[in-house]
Structures are given as structure tokens and as C-alpha cells.
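Listed next as C-alpha cells is one chain, alone, in the form predicted on its own.
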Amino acid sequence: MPVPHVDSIAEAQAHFGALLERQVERVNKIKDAGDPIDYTQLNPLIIGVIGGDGIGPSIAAEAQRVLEDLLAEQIAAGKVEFRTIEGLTIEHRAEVLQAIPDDVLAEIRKCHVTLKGPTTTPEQGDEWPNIESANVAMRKELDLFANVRPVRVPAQGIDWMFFRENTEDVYAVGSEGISVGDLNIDFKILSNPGNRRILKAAFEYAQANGKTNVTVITKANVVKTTDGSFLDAARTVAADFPDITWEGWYIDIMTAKLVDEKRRRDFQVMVLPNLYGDILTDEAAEFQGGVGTAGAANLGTRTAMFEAIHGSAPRMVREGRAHFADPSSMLRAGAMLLSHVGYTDLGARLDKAMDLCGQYEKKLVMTGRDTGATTHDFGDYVLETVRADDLEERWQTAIDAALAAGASL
């Protein structure tokens, strides 16, 4: 399906007018959002697992196996229920020409939270129709406005938490651009309510977790209307958090300072619009071992979705290597899910186990091929580590040893 092409400014104005009407309606819904859900009061808590495309079903199933093991007592008591949700595949989405097929969306809405594998997003010129990203669509349909991505490398002094706005910016209307003659136009949209709620989430996290500084990242010196509104909202929100300092940074220099060994240790909580957040969090994940090791939370008022941040790797499936896919990203996402729904101790233990298994001890190595461990073997390694009585001691010993060796410090 090609990008819409018109020959007159009048036709472009009509297209833009319809787009604005839909966005104003969306912003009005933000204003009417209710109180956040209390997951600890749900009985049972329903967790949906979505395989997605490519290696997604393999790593999602492994993450589900690990979480079911950790929550075995709660499952047996009827407090937690897992449901497998089928159909969020590129083939089904292309068949019905929907980013999220109606039947799949109906099943997702029956769950309180979801754990989702990567999905394929069509790009201009490939064999798939021009349907929207499933991730973008899910964030908009469920109003998952906060994409929260932690990056932790204790031995390098890195403990970052990113709050990426999730429903606006160029991604909000990424499939609604237009060509007018030889001119090609896409649209960037930020709203005042959308800005305020993501900034509030970042400052609230900082306050609740003993952080002292929030970094607000824009390009407001050039992109003055939209990015400027984000910076204006930061000034307003920050006034309610007098004990937390904040500063504005531009996205270009921020990408440089993340690789500055002296400066990067000063950053704690970072909050930024959608596109900048997508780019910067991928860069940040490299310090932790790459995007294949990083998970993300997509948080809304009434639901949440946790996911891998990497792609679906269709080549691995074509070459018969899906069972060698690294499940680290989904396991990190699973740790975030556990903490978000009230099982904070389990979430913290799974996170520390992932530090040991992926960064320090590395008794198994994932290569994506038969030269490394299988997905299932790595899951067993993580479970064994989570259950270990000496987990805390091993974790601290590993960090101390890395610091003593002068790991990038």
C-alpha cells in the first residue's frame, strides 16, 4: 500500500485536517483517563503472553516458562493466570490489513498485563502492505504512554532509567504522511497533557527510588514548537518536586555523553519524546550487552505491556536457528513485569540473576548458533541462578571483582 500522494495543496489540507481531528479526539481522551489500577488487588491477575513474529514465539515461551516457575505458588493458589495469545503475526495482520487484528485485540483486553515478543513492522517497498507497527498501535489502543527502559551495568557505574513518551511524536502518525507533488511530508505531534504525564511519571519514579536528578532531553533549540512544549512542561512539572534537580540536554550531545566514561555516571533518570527515546535507549542498551539483552515496560493507567526491544530476526527462523535465540530481553522484561504487579522481590532476584548470567559469570554463552547455548538451556541457567541461596553474595562478589579490575572506571 503506497504512501498517499496528492497533486494539490487543497487535497493536502483536507488530509491534514482529518489527521488533526483524530489527534484532538485522542488528546481529549488523555484528559479523561481514570485512576491507575492497583494490581495487588486483582484476583486472579491475568498475564497474557504474545509470541509475535520470527524468534518471538521461542523467546516468549521461554520467558513464560521462567515466570511460571517463579510464580508456581501463586498459580497453584489461583492468584495468577497465564494466557497464550495467538495471531499477532505479520501474516495475520497483513491478511486483515490491521496493525492489531480485532480478535487479537479482544484477547489482549481480557488480560491485566501482557508479555510480548518482537513483531515485524513493514517498511516502504517491502512485500507487506503499509500497515502500522503493531507496537505503535498497541501503545495507542491501550494508551501505554510510558516506555520505561532500565540499563544497569553496576561495574561501570551505570544505573539509568529512561522514560520515553510512547504514544506521540512522529510515531503517532507515522503511517499518515503525505506526498504533495515532489514534496514528502511526515508529521510530529506532541500534546501538553501527553508531555505532562510522561514527565510526571519520570519525576515520581525519581522521588520514589531515591534519585536526585532528572535529565530532560529534546532538540528545543531547533524544533521549537513541539520540543519546546516538552521543555515547558518540564518546568511546570519540576515545580512539584523541589527536592529533585533537573536539567535540559539536547539529543545530539546526549548521544555523545552516554559514551563519555566520566560524565555518563552522573545520569540517573532520563525523560524524552518518542523518537529520541527509541534511538537513545538502543544506544544505552549496548553498554549492557546489546539490544538483545534489554527489556522494556509500556505502562498505561489501566494496563501494561512488557516486551523485548529488539527485532524479530526472521533470518534466524529461515535458517532453523530460532531455538538458539537469546531470551535475555524477554527475561529482563519479565523481571519488570514482576516488579510492576507487586512481586518486587522476585523481580529484583530475576534482575540480579540476569546480571550474573549475562554480564559476569557467563557460564553459558549465547551466539545465536549451534556454537552457543540454546534458548531453553539459558532459561535453565537463569532459573538455577534465581533459586540459588547465595545469589546475593555471588552478585556482590561479581560486581566487586569487576570494580577492582577497573572495568571502564
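Residue numbers run from 1 along the displayed sequence. As the structure is a prediction and not an experimental result, all values here were calculated from the model.
The same protein also has a form predicted together with ligand IPM, omitted here; what follows describes it.
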property: I309: touches ligand IPM in the model of the complex, heavy atom cutoff 4.5 angstroms; result: yes
property: Contact of F324 with ligand IPM in the model of the complex (heavy atom, 4.5 Å); result: no
property: Partner contact for R93 in the model of the complex: ligand IPM, 4.5 angstroms, heavy atom; result: no
property: Ligand IPM contact in the model of the complex: V136, any heavy atom under 4.5 Å; result: yes
property: Heavy atom distance at most 4.5 Å to ligand IPM in the model of the complex, all of R149, R164 and D278; result: yes
property: Heavy atom within 4.5 Å of ligand IPM in the model of the complex - the one residue of T121, T303, T226, Q268 that qualifies; result: T121
property: One stretch from 241-249, 257-265, 104-112, 136-144 that, in the model of the complex, holds residues within 4.5 Å of ligand IPM by heavy atom; result: 136-144
